[in-house]
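Before any questions on binding or motion, here is one chain by itself as structure tokens, the form predicted on its own.
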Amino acid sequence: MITAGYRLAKANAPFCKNKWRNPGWVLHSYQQYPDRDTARAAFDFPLPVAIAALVEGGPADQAGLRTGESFSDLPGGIWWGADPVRHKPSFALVDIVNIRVNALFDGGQAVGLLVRGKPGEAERRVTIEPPAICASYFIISSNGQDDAGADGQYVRVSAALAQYTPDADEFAAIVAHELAHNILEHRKRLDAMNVQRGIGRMFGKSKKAFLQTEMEADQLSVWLMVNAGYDPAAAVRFWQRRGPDKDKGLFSDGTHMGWRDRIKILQAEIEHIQTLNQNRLPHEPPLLAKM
């Protein structure tokens, strides 16, 4: 997940209005798991928040950081916070550390971090200087559902959907669609329109607004894929497989187009891309040129 997300966000950075300096890691905390004792035993957290995954060859990987390591200090000190919901999964600690680290990177300079690994290992300092890429966190959720989503900051793909999509290019198509929502600021637009959530999103202007954002995300997604070196036809293959299989499941709530219509939209964008000089990447997506 982090590799596909980082690759898409980095390749399309020239066209993103909102960027941040992403180090190429995913953080996690034992508090985000339903069974915290099992999570602690499985991951051996040196501190409450640790590195869960790294982008191979990404800034954090190149700086020598390793999965399982924790930040033992941040400038101004570090506070792990309380545990406001002791019996429910919570991402609060991860959000706290992400916010603090992002603030450090905002300065545009190299950042030194003190990290701690397994018990008995000495603390060490690493220096990291990540580039600015399209702003989004990328996570796999274990909510038991078969879906994906984006909220303006996060791009989320469920574990069930990830397992359904082992092909790297098809998986990138899912991530690209959700990243497109964040790049196009669809959550902010829908909020400004006061669209209905819940059952209300399936009617009237709310339904029309949701359908428009889904169409735009499909249109943009294949451009993001091409710029990142993925096969855009994988998005078509995904829906050719997913549509008949889950016609009344994912994306069938009235706020998404039917899978056959989605394929037509994707194919039209792919044909447009094929008329361009493929040796001159990245291509500026038409939707972003209007922003």
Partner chain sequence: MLRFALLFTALFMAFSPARAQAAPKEADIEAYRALVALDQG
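Positions refer to the first chain, counted from 1. As the structure is a computational prediction, the values presented were derived from the model and not from experiment.
Same protein, other form: the form predicted together with the partner chain, not shown, and the subject of what follows.
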Interface stretch in the predicted complex with the partner chain - options 149 to 157, 105 to 113, 204 to 212, 123 to 131, non-hydrogen atom within 4.5 Å: 149 to 157
In the predicted complex, N194 touching the partner chain (heavy atom, 4.5 Å): no
is_contact(I139, the partner chain) in the predicted complex, heavy atom dist at most 4.5 Å: yes
4.5 Å heavy atom contact, Q32 to the partner chain in the predicted complex: yes
Any non-hydrogen atom of R242 within 4.5 angstroms of the partner chain in the predicted complex: no
Selected contact from I265, A233, A52, L47, since only one has a non-hydrogen atom within 4.5 angstroms of the partner chain in the predicted complex: A52
Residues in 2 to 34 with any heavy atom within 4.5 Å of the partner chain in the predicted complex: I2, T3, A4, V26, H28, Q32, Y33, P34
